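Below you will find one chain, with nothing else, as structure tokens; this is the form predicted alone, and questions on how it binds or moves follow later.
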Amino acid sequence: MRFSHIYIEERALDYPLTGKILSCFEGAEIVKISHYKDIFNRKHQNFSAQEESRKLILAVNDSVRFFKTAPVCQDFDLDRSYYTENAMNCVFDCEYCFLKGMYPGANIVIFVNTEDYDGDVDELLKSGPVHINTSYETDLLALNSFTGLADHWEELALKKRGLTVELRTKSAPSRFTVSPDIIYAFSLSPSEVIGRFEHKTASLERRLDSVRSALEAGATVRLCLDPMIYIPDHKKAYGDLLDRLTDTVDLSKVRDISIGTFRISKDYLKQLRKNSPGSSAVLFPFENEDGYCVYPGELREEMTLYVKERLMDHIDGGKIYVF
């Protein structure tokens, strides 16, 4: 991974994480800035063009750093489930990604003030155990080679009693920390969906290899068949995925599995369609339910029920969560 330019807030210059990242990109042009939003939020950006040459922005997050899990996201029936903005945007290029509807451009922001995040965790833990999704607006495992942020969260989960950290990814990591408090959540899609819509992500074969490696190491694994994307031959595509999954992975060792079809805020969908022009994944005639664009109820039920019934032959139904 390379970045031709790295923009750095002046107040972010002296943080240890800034130095670590800069040491990985010695040839990049460094541009000092006052605030990350001057670059990240500027008007009239071309998202598609930026995806071909993303720039990196290093900043200090002095705003809200933790948020309650949104109603349309998986909380796995947990009372205290949060997500955090440790980074913004992703190195992958999924045509249906809500980030393309949420953000004005494709550049990546890394917040370097990790000690402030650690302090926030301490405050949250004062009220009891907490689950934190660290990869809601990015893929920290995909960024880990130059940020070490996934490593940081793993180390924090090992030190902080009551803290559970989830690292969701479409990459294929090869190193795992064994702990019930560190969840490796693998997003799985049929090869047809990956090839058509999930550009630059790991192939299904590599993801399944990584799942097996994690389970063999004794790590805690969550599988996410979510979001399921409608394609005309969806039942065959997801059937093939399930065949490969159940033939190669011992699902009895998996912590749980989430299933859910594509859903997105109606406001995000409008911008997403501009940033993924012509993509059948986002041009579907969705229905509006309480401000969210979703597949028609009958189709949602057909897609999720098919997958759930197939999985129940291999895993306790109590471990399957449908969203």
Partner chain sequence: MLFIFTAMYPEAAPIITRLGLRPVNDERVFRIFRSEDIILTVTGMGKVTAAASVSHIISRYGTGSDRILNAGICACPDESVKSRIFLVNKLSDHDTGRDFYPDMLYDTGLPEKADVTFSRLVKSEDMEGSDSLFEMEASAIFETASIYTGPEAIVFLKIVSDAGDVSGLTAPVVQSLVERNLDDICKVVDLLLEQRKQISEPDEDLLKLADELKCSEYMKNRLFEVAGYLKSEGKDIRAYISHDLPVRDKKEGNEVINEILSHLY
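As the structure is a prediction and not an experimental result, all values here were calculated from the model. Numbering follows the first chain given and starts at 1.
One more form of this protein exists, namely the form predicted in complex with the partner chain; it is left out here, but the text below deals with it.
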{"query": "Candidate from 196, 235, 175, 206 lying within 4.5 Å of the partner chain in the model of the complex - any heavy atom", "finding": "196"}
{"query": "Interface residue in the model of the complex among 262, 268, 284, 292, criterion: non-hydrogen atom within 4.5 angstroms of the partner chain", "finding": "284"}
{"query": "Contact label in the model of the complex: residue 49 to the partner chain, heavy atom within 4.5 Å", "finding": "yes"}
{"query": "Non-hydrogen atom contact residue 98 with the partner chain in the model of the complex at 4.5 angstroms", "finding": "no"}
{"query": "Proximity of residue 65 to the partner chain in the model of the complex, heavy atoms at 4.5 Å", "finding": "no"}
{"query": "Residue 60: touches the partner chain in the model of the complex, heavy atom cutoff 4.5 angstroms", "finding": "no"}
{"query": "Whether 31, 38 and 280 all lie within 4.5 angstroms of the partner chain in the model of the complex by heavy atom", "finding": "yes"}
